[in-house]
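Single chain ahead, written as C-alpha cells, the form predicted alone.
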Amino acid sequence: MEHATVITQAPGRINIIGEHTDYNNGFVLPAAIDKKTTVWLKKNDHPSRCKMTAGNLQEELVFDLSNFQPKENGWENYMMGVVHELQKIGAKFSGFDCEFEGDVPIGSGMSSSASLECSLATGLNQLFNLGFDKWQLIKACQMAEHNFVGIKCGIMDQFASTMGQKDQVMFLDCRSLEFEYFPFDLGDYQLLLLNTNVSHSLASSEYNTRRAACEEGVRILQTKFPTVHSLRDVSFEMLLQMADVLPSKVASRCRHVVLENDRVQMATKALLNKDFKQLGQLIYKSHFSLQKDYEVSCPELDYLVQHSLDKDYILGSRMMGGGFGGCTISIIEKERVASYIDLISKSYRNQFGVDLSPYAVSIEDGAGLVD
C-alpha cells in the first residue's frame, strides 16, 4: 500500500545577544533564519522498523522502535533521541521511513542540530496525528540532546527553530518560558555571519563544564542568599558581596551570565528605539565577556571581532553560539557588505590558512509543514 508523504521544514537560528544564559534560566534574543532542514516521512507497513536516510551524507540508519540505544556519536542520536523522547510522553509509532537534507552549516553556531530535531518532531506529530503542542515538541527535542546526545543544552535553539516568525526576533524568558516578538528592521544595516570554518574539539566537553561552574556558583551564593535558585536570581551586587568566597573561575563564569542577562534586556529597548549604535555596543560587550569571563571564544573568532572594531560601518560583532569556533554575527551597513567580505576573507586566509564562509541571513518563520 502506498502511503502519503509528510514534508516538514525547520530552520536554524541566530541569536542577537544572550549567550550561555538559557541553561541558567536567563534571557535570550534569537530568531529563525532562512537556512533549513527538510524532512520527508511516510509509514512503511512494518510494525516497528524505521529507516532514516541523511541525504547530504549518503548515510542510512535502520533501527527498531521497541529497542534502540544511543550510538557513539553522529546525526543518528539526534534523530533517535527525538523518537525516544516523544515515546516517553505518550507517542505511539509504527514503522516509518524518513529522509532529510538541509543547508544549515554544521558546527557554525546556527544550530543545525535543533533544525534537524524540530523538523523531525514536527513531521512525526503530523504523520501519526500525535496531537502534541509546540511546547511539547520543543521540550522533547531539548531532552533528545540531554539524554541521547549528552549535551545539557538550554531551550533556546529548539524554541527559536519552532516559534520563529518572519522579520521578528524573540525575547524569551528561559525560566517562565514567556516570550515576546520584536520587529527586527535594521534600516540601512543588515546582519552578516562569518563562519570561521573551525571547530575546536573542546566545544561539547567545555559546554558541560561551564554549566557545572554556574551550578557551583549558585550553590555557593545560596549560602548567603537563600532565594537564589539559578543565576537568573543573582544581581551584580550579590556577586560583589560574595567576591571573597567564590573561586575566581566560578566568579567570572557567573559574572558573564548576570551581565549578559542585563544586556539582553537593554538590547530589546535599543531595538524598540531603533538605536542600532547602542545595540552594536551591547553586542561587542557580549563578545568580550564571552572571551574573557566565560572563556568560550577562540583565536579565529577574536580575530574577526577585533578586525571589525575600527570600521565605522560595522556597529557590533561577536561570537555566536556555544563557542570554540562557528560564526561571528555582525551588524554592518548594507552597501559595505561585499567589499568587507572581500577584505576580511583575504586577511583571515593569510592569518589562519582557512577560508571564511560569509552568510547574509534573513529572518524567517519557524518549523512547519511544506505543501
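Sequential numbering from 1, following the sequence displayed. This one's a predicted model, so the numbers in the text were calculated from it and none came from an experiment.
If you look for the form predicted together with ligand GLA, you will not find it shown, but the lines that follow are about it.
K.L.:
Thinking of ligand GLA in the model of the complex, which stretch from 316-324, 334-342, 64-72, 42-50 has heavy atoms inside 4.5 Å of it?
P.N.:
Stretch with heavy atoms near the partner: 316-324.
K.L.:
Within 4.5 Å of ligand GLA in the model of the complex, heavy atoms considered, which of Ile155, Met143, Leu191, Met266?
P.N.:
Contact residue from the list: Ile155.
K.L.:
Does the 4.5 Å heavy atom contact test between Phe276 and ligand GLA in the model of the complex come out positive?
P.N.:
Phe276: no, not in contact with ligand GLA in the model of the complex.
K.L.:
Given that ligand GLA is not shown alongside this chain, does Tyr78 nevertheless sit within 4.5 Å of it in the model of the complex, heavy atom to heavy atom?
P.N.:
Result no; Tyr78 lies far from ligand GLA in the model of the complex.
K.L.:
Do Tyr207 and ligand GLA come within 4.5 Å of each other in the model of the complex, heavy atoms counted?
P.N.:
Residue-level check for Tyr207: yes, a contact with ligand GLA.
K.L.:
Should the three residues Arg13, His20 and Tyr23 be counted as contacting ligand GLA in the model of the complex, with contact defined as a heavy atom within 4.5 Å for each?
P.N.:
Yes, because Arg13, His20 and Tyr23 each have a heavy atom that approaches ligand GLA to within 4.5 Å in the model of the complex.
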